[in-house]
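The chain below stands alone and is given in structure tokens; this is the form predicted on its own.
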């Protein structure tokens, strides 16, 4: 989940890989998972990495009726004690949300819960936070009406929102970028204009990675200085080390085949 600062990452919600994972939507990074047993092992290792970093991890059971259900990031947006429940941009994913909404409502009792309505559509994977500056991807899954509802919430919280147009050959904003710290953005060359993020706060920077390492640009920074990084992206790995962070490298090959990345698999709260 890319909408919480490092110091807000105490707990994470995940959801198990369904036996129907080979039917997950796939268009951008892969053609669909082929080895479900391996996918489940990779997801277990992902959860263990979070646990080892001191994160309290909850696991919802899989739902075989929803092959993409493990990608919980898209189903709820948690920002500073507020929760926005978007309407996912792909119709097949709408009914994944109720168990996630129920869990978050129960865990965060007293929290303000907002739901999208009408024609508004948004995947949580289109939102990126850098400190208290937010970016949203206008994509095939997130439309203008959805962005307007997110803007209303951020106006209430006093945060700035900037819109970035996602190219047709990318799924989400977090599919092609991440913030391993509250001051650093990783993004691939050739996917976004160099001025896409605008002028950043003092002390913040963008690290541009080779286009062929686009998948590796999705990372998860953790409060203890560790960063979860997908295996196989040497420039990303070197960059993480150069900025003084400790990479925890995970095999995400089968998750990638379903167009999923590291941030897709958790909601921090």
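Residue numbers count along the first chain shown, from 1. Given the structure is predicted, the values throughout are model-derived calculations rather than measurements.
We do not show the form predicted in complex with citrulline (CIR), though everything after this point is about it.
The closest heavy atom approach of residue 93 to citrulline (CIR) in the predicted bound form falls within 4.5 Å. Although the partner is absent here, residue 141 is a contact residue: one of its heavy atoms lies within 4.5 angstroms of citrulline (CIR) in the predicted bound form. Citrulline (CIR) in the predicted bound form is not approached by residue 178, whose heavy atoms all lie more than 4.5 angstroms from it. Using a 4.5 angstroms threshold between heavy atoms, residue 267 stays clear of citrulline (CIR) in the predicted bound form. The chain is drawn here without citrulline (CIR); in the predicted bound form, the stretch among 79-87, 165-173, 111-119, 144-152 whose residues come within 4.5 Å of it by any heavy atom is 165-173. Counting a residue when any of its non-hydrogen atoms is within 4.5 Å of citrulline (CIR) in the predicted bound form, the one hit in 40-68 is 68.
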